[in-house]
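A lone chain, given as structure tokens: the form predicted on its own.
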């Protein structure tokens, strides 16, 4: 027994230290990488926007700020219909426009009169923000708030005293409505407005007026788990369009740049078109959120009842947002009754039915995987980890290996047209280029390729019947990880 033990010790001593450590030590982290709050946000993937204010009743998209609170008078408002609709659609939360550019507050702010307390709704006793927060909690949905930095009603907008008012309202929202998962700051800043009767044009410097660092610190203090959205984050970025798609590629890493000059980037003052794709060498982990409305407008307009996006268009939006590593924020504007319109509900049901049918069965089940290179040649980072549907167990390569292939032998021939890939992003986004091959009638055929994977990639491909799959990582920033591979059959989809 002693002789055998000595032999084992001797064997370990002659092995390189890097080989021994690689069996149990993950790859070194590669910055930038997501924070805990960003990871929690990534998990959500799909949630809803609720645009609702005086604009709903004046048939406008942007109010001037001179609307009387008396116009806000929904006849059958039911926030639980909103949460039921969202949950049935597969959404994980709702974000409410607590105050849009018109300055009207959907809660009885003690700092303002242009609020719901002066509306006929519930005889001035209503509070749509609190009502929806409670309904979300009951439904198991996350709740978030949109607070417009621009206020076309407030007499002091554009002056230093307005910032105190704005921050006081932010504190109200963050302390009176339970846990908040996202705080949404719009990039619209300054222009014509009522401004307490002045009726003039006011301009601000978006880089300095709001003193964003100190404004964001209020969110960090009062809701430390909430992500902050704006053109520049600091947690998640606008994707740069309102048409419902992320670029291909869409990197989670991004470096915001000012619209003009060499000054700091700020909400409303960025080269936002760069956010569509992000930057493969971006200095921040600043993943994109795709915001789009189910209708042409953000607020309800009866003339758009026949223009609701069809289920198949919503499905395409899902694949071009969630399927490209972003989250999808889909707007559902309540009508004058205070209900999500029947046409919107029907489209969402169609979308959900299609996605449920697509992802009902992962055809990778029962497969076996092997790889050219496995970190430390051990089990902890084996190729088989990609088959367990758990992103946090992953295939990884040795430190010096930036390209390698894995083969997946399927449990018989499988027919599919959707491929799922996920990295273990806790260590950073590492893969720069990849391709996928399928073994069809004994021959390997290239069926998909791309660059960015990140949190999630859903690749629609031509209908393929194969007995095996080959995943080729062709280039990476460093030794790489792959957490999940999946195969699915989307009904009715045909690659053009």
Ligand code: FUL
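Residue numbers count along the first chain shown, from 1. Owing to the predicted nature of the structure, the values given are computational and were not obtained by experimental measurement.
Another form, the form predicted in complex with the named molecule, is not on view; read the next lines as being about it.
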_Whether residue 300 contacts the named molecule in the predicted complex should be assessed with a 4.5 Å heavy atom distance threshold; does it?_
no
*Is residue 62 close enough to touch the named molecule in the predicted complex, meaning at least one heavy atom pair within 4.5 Å?*
yes
*asked:* Considering non-hydrogen atoms and a 4.5 Å limit, does the named molecule approach residue 47 in the predicted complex?
replied: no
*Given that the partner is absent here, does residue 102 sit within 4.5 Å of the named molecule in the predicted complex, heavy atoms only?*
no
*186, 426, 78, 131 - the one with a heavy atom within 4.5 Å of the named molecule in the predicted complex*: 186
*Quick one: of 182, 291, 344, 235, which gets a non-hydrogen atom within 4.5 angstroms of the named molecule in the predicted complex?*
291
*Thinking of the named molecule in the predicted complex, which stretch from 433 to 441, 453 to 461, 64 to 72, 47 to 55 has heavy atoms inside 4.5 Å of it?*
47 to 55
